[in-house]
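Single chain ahead, by itself, as structure tokens, in the form predicted on its own.
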């Protein structure tokens, strides 16, 4: 993965994931991300700035426990003894985003588990929609707790990886994954919509959820960097979505909105 960092800010659609970073006492910086360097070279001729490679550390067995409701692990063979009796979700380390290690995924998992726990007797009748599902970790977590879940991603590789994790966890009757664009076509009804995306996608998604707001759907939105959260909150408030919870881990935010039908 590569990133272009430039002080040239733009409102133009870049067709690549981007974020505006505001550091105290310094001018804002636009970061644009791409798995290939060539698209960033083309943008660099327009916006200047520098391109650098993002290095990822070697993966090691990962375990995330969320209360006594769920353990997310990359390798169950190395699961600590104290986690053995907790419901388990194994996520294969692969080419798609979302193993539970990233701050946004961890925040979303906590919020999803809390939502599921509060559903109580209505859990098995709950419907969940995971937009931008990546590895499928959030969808599979909701399914492990009993919900009926649908996951979308525009990337066919991500959907293939989600289906691998679906088979690995034997949750085939409760989850289905589709290659779909979250900003095109109708969004089906759901008790809970989870979207761990980039802020500009979330801002375009919110106006499309008016019928969900009227139905009392809960939204869990993440992939939001520090400095971007207020824009999401303001837009949601204007559209009738009251903020009910705000979480932060490092420089990343997770926001929950629940409207009253």
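Positions refer to the first chain, counted from 1. Note that the coordinates shown come from a computational prediction; the quantities given were computed from them, not determined experimentally.
Note that the form predicted in complex with a small molecule isn't included here; everything after this is about it.
Considering non-hydrogen atoms and a 4.5 Å limit, which listed residue (182, 113, 171, 79) is close to the small molecule in the predicted complex? If I apply the 4.5 Å criterion carefully, the residue I get is 182.
Which of 40, 70, 201, 232 has a heavy atom within 4.5 Å of the small molecule in the predicted complex? After the contact test, the surviving option is 201.
If contact means a heavy atom within 4.5 Å, which one of 46 to 54, 192 to 200, 62 to 70, 30 to 38 is the stretch that engages the small molecule in the predicted complex? Looking at the other structure, the answer is 192 to 200.
4.5 Å heavy atom contact, residue 137 to the small molecule in the predicted complex: Flag for residue 137 set to yes.
Residue-level contact is defined here as any heavy atom of the residue lying within 4.5 Å of the small molecule in the predicted complex; does residue 161 satisfy this criterion? So residue 161 does not count as contacting the small molecule.
Within 4.5 Å, heavy atoms only: does residue 105 come near the small molecule in the predicted complex? So residue 105 counts as contacting the small molecule.
Please check if residue 154 has a heavy atom lying within 4.5 Å of any heavy atom of the small molecule in the predicted complex. Looking in the predicted complex, residue contacts with the small molecule include residue 154, since a heavy atom lies within 4.5 Å.
Would one find the Cα atoms of residue 226 and residue 33 closer or farther in the predicted complex than in this form, where their distance changes by 3 Å or more? So the answer is farther.
Tell me whether residue 162 and residue 33 end up closer or farther apart in the predicted complex, going by their C-alpha atoms; the shift is 3 Å or more. Nearer in the predicted complex, by 3 Å or more.
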